[in-house]
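Here's a solo chain for you in structure tokens, the form predicted on its own.
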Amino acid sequence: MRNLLLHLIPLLLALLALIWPSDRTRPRLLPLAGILHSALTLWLLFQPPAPSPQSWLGFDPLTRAVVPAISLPFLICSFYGVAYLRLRQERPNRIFVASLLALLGLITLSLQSQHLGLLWVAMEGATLVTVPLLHFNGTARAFEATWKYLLVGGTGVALSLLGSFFLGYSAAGTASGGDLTFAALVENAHGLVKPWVLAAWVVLLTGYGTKMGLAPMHTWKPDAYGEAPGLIGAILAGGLTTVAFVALLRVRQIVDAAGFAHATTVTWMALGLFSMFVAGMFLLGTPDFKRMLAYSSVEHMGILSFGAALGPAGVAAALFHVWNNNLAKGALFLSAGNLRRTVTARTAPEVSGLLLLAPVSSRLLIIGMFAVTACPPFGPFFSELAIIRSAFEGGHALATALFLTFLLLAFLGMSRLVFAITDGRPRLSERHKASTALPPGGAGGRPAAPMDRQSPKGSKWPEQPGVILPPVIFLGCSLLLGLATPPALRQVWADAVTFLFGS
């Protein structure tokens, strides 16, 4: 019953948000949901319920390993969301708050799903409730990004459904009698129809790989992450992508048990390295610092895929990296969102000198960039090091060399852009100048200050504690996870690996 509350509480609060009368107080439902969800998650982490193999819902070791990595970032983002919506009072927030709460509930439902069909339904629901969140700013570009997300993401969902049909058809004649729970499919994997299993893996890897944002199915990410509020980018990069990754881990367990372990290893490793390469190339050329985060997400989905292809040790390292990526990306997205609101621009040709205009958010962006590109002592350094070690021990010398090369490309691309927009004298876009310029006589009859000397106090987006502390907490958690990874978490990841691969 406790695990059912994990998704029921956010969904019930989403319904409450729809009927809540006040735009001013409605955002407070976000931290309420975050606190309750995190408390339940912590309880289930240390006192998990007894397994129930025949149930469609459960809190198995794999779920236990990833739900806290989504619950904690949502809790941090929920407090940011209250401050963010207070500064965005020109926009109604009823649908925004309700959709965000529903997204948390559906993501949790997806992670707890022990049935192939229920997993697809929950992920489809999460895809649909994301649409109003992407379109919150109400601009033409946000509208275009939303449609691209629907079209590309919808294609991925359709392919996932087709792959689920293939896998279900392969199990029709087994002793399970067509039972599509993951436990039954693994138990009867030797009797599955082999061609349909292999076809299911290819289609499901493409479908759920689209939701992860693996190249070349990543095309929705730059527009969606670039136009959505930073708060939404943080939750999508650490939420929906994690759900798709877990879905592929579950499918891979079935396909490996059916005798296609080599095929899953090769395809997943190739797709992971290709995603890292594509992301590195785009990071070297993009001038948009919000799109930069989208390509960084593509890179890290490639890292997860590469790690998961390396067997038990690689999967343990990949689960470690899920936590690290979610924390570091949270800091980056929130800081980038603050900077985007500060200057109403987002490309290097339009703006520079952000260290003078928004000093705290700029410094957080720089630190977050070093964290997410695996600079010690932040968490991503240690999880990526564990993946590299697994690759060396597995004899994948060439793949490891490519992995390190693509990591270097990503670092060069991100550092190039981050320092281009933060260093130098302030250079603002014409749109920002028009929105912040004083009358010719200045305020109170004083001469107007030149725009290249504008102080942070003249910014449209004040650096208030409510929008600064959350990214600081994200970076602090990333640092803590790198320097002192709790032994209890390492045990949780080890239990998940044992669950997937056996003793």
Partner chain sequence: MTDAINLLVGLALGANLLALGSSRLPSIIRAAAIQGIVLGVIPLLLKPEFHWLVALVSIGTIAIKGFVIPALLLRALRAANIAREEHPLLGFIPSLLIGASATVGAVILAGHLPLLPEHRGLLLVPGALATLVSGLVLLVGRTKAISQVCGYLILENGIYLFGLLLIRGTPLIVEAGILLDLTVAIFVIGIIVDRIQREFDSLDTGKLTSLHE
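Treat the numbers as computed from the prediction; the structure is a model and nothing was measured. Numbering follows the first chain given and starts at 1.
Not on display, but discussed next: the form predicted together with the partner chain.
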* Heavy atom within 4.5 Å of the partner chain in the predicted bound form: which of Arg250, Arg291, His396, Arg340 fits that? Just give me the one. => Arg291
* Heavy atom within 4.5 Å of the partner chain in the predicted bound form - the one residue of Leu150, Cys375, Leu87, Leu402 that qualifies -> Leu150
* To do: Evaluate Trp56 for contact with the partner chain in the predicted bound form, applying a 4.5 angstroms cut-off between non-hydrogen atoms, and reply yes or no.
  => yes
* Asked: Is Glu227 close to the partner chain in the predicted bound form, meaning a heavy atom pair under 4.5 Å apart or at it?
  -> yes
* Taking heavy atoms and a 4.5 Å cut-off, does Phe260 contact the partner chain in the predicted bound form? -> no
* **Partner proximity in the predicted bound form: Glu187 to the partner chain, non-hydrogen atom cutoff 4.5 Å** => no
* Are all three of Leu128, Pro195 and Asp223 close to the partner chain in the predicted bound form, meaning a heavy atom of each within 4.5 Å? -> yes
* Can you say which of 205 to 213, 230 to 238, 113 to 121, 297 to 305 gets within 4.5 Å of the partner chain in the predicted bound form, counting heavy atoms only? -> 113 to 121
